[in-house]
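Only one chain is shown below, in structure tokens, and it's the form predicted on its own.
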């Protein structure tokens, strides 16, 4: 894959590491690297596995390590072309991420926030209203935010509805933009029994992307989509092109996994990396 060296970015991502489970930082690092970016990680926590269906997993909170990492990089004069955040386990961690925008990013750096804090109408275990408030502040500084419907409602204060219509989504997107984020990619929008996807909002413009829906739950697909979107967007693809490419990559990862019942804990995104690389090359 040839690429313009101006597209080679140094990205800082902040999210947890699940040692097994194909999610969060374990997805972000290889996917962003495959997109041709130098990727540096501030881990928010270290888990033996992700928290979905596994029992007795270990969890080590790394919040106290973050200020020292930031200070060391500041002293060394290390700067980044982009910040991409995923799961943050506390309001304090979200506040640290907001601080990085002012201290570790180069001028005109891109900021992509996946406010990974809720799904199916509920906050993730261990998170609270303070986390939502801090995440709202972080999103206000973002170029792009990637919420699902539940997260969008928490960020805006709108009531979560499983049965939605066009007017409801339009008001939700308007409210998200009013938080200060420049653009929104609303994910996890189920259009029909056989189609899912999302909606892109930038100013008054609205664009839809959709793909085949597979009626089986897979862990980590939101992280796969977010990492691929971020990598493509930072390669210069438009919001729409980056979202559609990320959706195709995520779908291929699911398709390559769905016939293997033993692989229930994540998707085989590694097997779909050739597709991602090939399509990025076609955009050169």
Ligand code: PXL
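Residue numbers count along the first chain shown, from 1. Just so it is clear, the structure is predicted and the values come from calculations on it, not from any experiment.
Beyond the structure shown, there is the form predicted in complex with the named molecule, which is absent from this document and is the topic of what follows.
By the 4.5 Å heavy atom rule, the three marked residues 14, 39 and 43 all fail to count as contacting the named molecule in the predicted complex. For residue 51, a non-hydrogen atom is located within 4.5 Å of the named molecule in the predicted complex, even though that partner is not displayed. The named molecule is not shown here, but in the predicted complex it comes within 4.5 Å of a heavy atom of residue 87. Shown alone here, residue 23 lies within 4.5 Å of the named molecule in the predicted complex, counting heavy atoms only. When the named molecule is considered in the predicted complex, residue 47 lines it closely, a heavy atom lying within 4.5 Å.
Here the chain stands by itself, but in the predicted complex one stretch of 255-263, 240-248, 61-69, 23-31, 23-31, has heavy atoms within 4.5 Å of the named molecule. In summary, among the residues 124, 191, 168, 73, the only one with a non-hydrogen atom within 4.5 Å of the named molecule in the predicted complex is 124. Shown here without the named molecule, the chain has 219, 220, 223 in 199-226 lying with a heavy atom within 4.5 Å of that partner in the predicted complex.
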